[in-house]
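Form predicted alone, single chain, as structure tokens, below.
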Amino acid sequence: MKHILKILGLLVIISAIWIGLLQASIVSSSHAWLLPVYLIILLGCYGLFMVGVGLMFFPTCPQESHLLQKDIAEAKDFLKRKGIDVNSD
């Protein structure tokens, strides 16, 4: 619930600034009407940038890989004892 209130508060602030720019004629009205579109494009670029950074610095976990291989071997042994064929051909 707190996140919703934060987002709504941010939207109210952005809307107030946008309406203020339209009313005060600080920015020409033809450009001020496009500010929400620019904001959406900017947020999309930021999102893509953060995904790219996350992929570039994706952590490798050799210890977790070893534990996963161990779990797989244990599962195969368990299934073989139950009579299920688990050959990975």
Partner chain sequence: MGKNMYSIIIPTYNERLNIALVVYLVFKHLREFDFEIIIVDDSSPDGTQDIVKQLQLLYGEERILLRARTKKLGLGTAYCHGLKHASGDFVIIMDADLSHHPKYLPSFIRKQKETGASIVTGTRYVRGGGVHGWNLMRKLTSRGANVLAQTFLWPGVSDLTGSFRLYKKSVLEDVIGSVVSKGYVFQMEMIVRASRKGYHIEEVPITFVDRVYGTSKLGGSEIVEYLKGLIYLIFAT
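For clarity, every value in this text was computed on a predicted model and none was experimentally measured. Residue numbers count along the first chain shown, from 1.
The form predicted in complex with its partner chain exists for this protein as well; it is not shown, and the discussion that follows is about that form.
The closest heavy atom approach of Y38 to its partner chain in the model of the complex falls outside 4.5 Å. For the chain shown alone, L10 is a contact residue for its partner chain in the model of the complex, at least one non-hydrogen atom being within 4.5 angstroms. With a 4.5 Å cutoff on heavy atoms, S65 counts as touching its partner chain in the model of the complex. Residue contact check for F78: one or more of its heavy atoms lie within 4.5 Å of its partner chain in the model of the complex.
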